[in-house]
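Taking the form predicted on its own, here's one chain by itself in C-alpha cells.
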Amino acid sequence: MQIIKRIGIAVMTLLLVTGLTFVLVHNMPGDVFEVIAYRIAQQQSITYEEALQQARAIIHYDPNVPLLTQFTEYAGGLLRGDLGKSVIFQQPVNKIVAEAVPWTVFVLSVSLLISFVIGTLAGMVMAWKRKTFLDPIVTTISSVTDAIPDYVTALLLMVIFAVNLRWFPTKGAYSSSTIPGFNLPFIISVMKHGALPIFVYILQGFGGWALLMKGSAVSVLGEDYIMAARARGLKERRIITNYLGRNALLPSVTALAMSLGGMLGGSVLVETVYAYPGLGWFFGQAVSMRDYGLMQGLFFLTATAVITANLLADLIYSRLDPRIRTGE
C-alpha cells in the first residue's frame, strides 16, 4: 500500500509540475515571432514589420488561441505519448528527443559512472586513512570545480586540447566524413567528439562524490560494528568493503539515482559550448528561440525522469538499509 501511495504522490507531483511549467513557459517575455523577425531583419536589412510578416508566414503557430485550449490540446497529446511539436525545427518533439537522447545518455552516463566510482573509492580511502595526500588534493579540486561554472571548464579544455593541441574536435557528435553505424571509424569518431564533454563532467563531479562518501564513511567508522570487526582481527580490506563501504554507500546510491534521473535534462551550457547535439543543446535552442512546444516537451521529459528517479531512489534506499522500512 505504501508503494502505491508513493506512486500516487509521484503522479500528482508530475501533474502539478506539468501545469506550472506550461503556464510559466507561455508567460515568458517575447515570443518566437519576435526572435525570428529580428534575425530576418538583420540578415536581409529590412524593417522589423516586414520581417515580422515573413516570420508569421514561415512559422505555423497561432498565439491568439486561448491558453486553456492550448493546455487541453497539450495534455491530450501527452496522454497519447505526444510531447508536442517544435515551432522552430518544424518537427515532432518525440523525433527530436529520439535523436538527442542517445548522445546525452552516452556522455552523461559514462562520465557519471566514472566520476562516481573514482570519487567513491577516493572518499573511502580518505575516511579510512586520515591525513593522506588524497585529502587536500580532492578537497582542493572539489572547491575549485564548485567555484568554476561547468561552461568555463568546458571552454578551458576546448582552448587547450581542441584549439591549441588539436587532439580533439571542437564541435559535433561525430565527423561528417564517417558513416553512422556499428563500424570502427564511426565509433572512434564518436569517442573523440565525446571525450572533452565527458572529461568536463568527470572533473566537475568526482570531487563532490568523494567528499560525500568521506563524510558518510567517517560517521560509519564510529559505529559499534566497525569497532567489533577490528577487535575480531578481521583484515583491513574486508572491513573496508563489507562493513564500511556497504553502509557508507547508501547516501551516495540515493544521490546517484537522482543524478541519473536529472541526466535527461542534459547540460545546456556544456553541450552548447561543444555544439553537442544532445538534449541540453536543444534546451538552449528552445529557450533562446522561445520555442514553446519544444520547451514544454523537454521540461515534461526531464520532470518525469527526475520524479521517477526520486521514487526509485526512495524504494532502493529502503531495500539497501534493513533499518529503514518503506512505510516508516
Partner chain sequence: MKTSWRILRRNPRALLGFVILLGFGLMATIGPYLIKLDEDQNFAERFQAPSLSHLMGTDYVGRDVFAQIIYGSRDVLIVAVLAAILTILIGVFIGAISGLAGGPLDTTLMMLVNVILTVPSFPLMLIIASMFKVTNPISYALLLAIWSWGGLARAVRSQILSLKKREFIEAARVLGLPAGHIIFRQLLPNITPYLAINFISIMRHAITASVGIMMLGLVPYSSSNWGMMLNLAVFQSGAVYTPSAIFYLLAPITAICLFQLGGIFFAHGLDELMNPRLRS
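As the structure is a prediction and not an experimental result, all values here were calculated from the model. C-alpha atoms forming the largest set that superposes within 1.5 Å between two forms make up the rigid core. Numbering follows the first chain given and starts at 1.
Another form exists, predicted together with its partner chain; not displayed. Remarks below refer to it.
Put simply, D146 is close to its partner chain in the predicted bound form: some heavy atom of it is within 4.5 Å. In the predicted bound form, A51 stays away from its partner chain, with no heavy atom inside 4.5 Å.
Contact between G261 and its partner chain in the predicted bound form is found at the 4.5 Å heavy atom cutoff.
Contact check for R290: a heavy atom falls within 4.5 Å of its partner chain in the predicted bound form. Across the options 120-128, 67-75, 102-110, 146-154, residues that bring heavy atoms within 4.5 Å of its partner chain in the predicted bound form belong to 146-154. Here the marked residues T302, I307 and N310 all reach its partner chain in the predicted bound form, each with a heavy atom within 4.5 angstroms. Scanning M191, V159, I179, A98 against its partner chain in the predicted bound form with a 4.5 Å heavy atom cut-off leaves one residue, V159. In the predicted bound form, not one residue of 200-237 has a heavy atom within 4.5 Å of its partner chain.
Annotation: Cα of F199 displaced by less than 2 Å between this form and the one not shown, core superposition. Annotation: Cα of Y74 displaced by at least 2 Å between this form and the one not shown, core superposition.
A change of 3 Å or more separates the two forms for K85 and R39: their C-alpha atoms lie closer together in the predicted bound form. Shown here is a form in which the CA atoms of R39 and T272 lie at least 3 Å closer together than they do in the predicted bound form.
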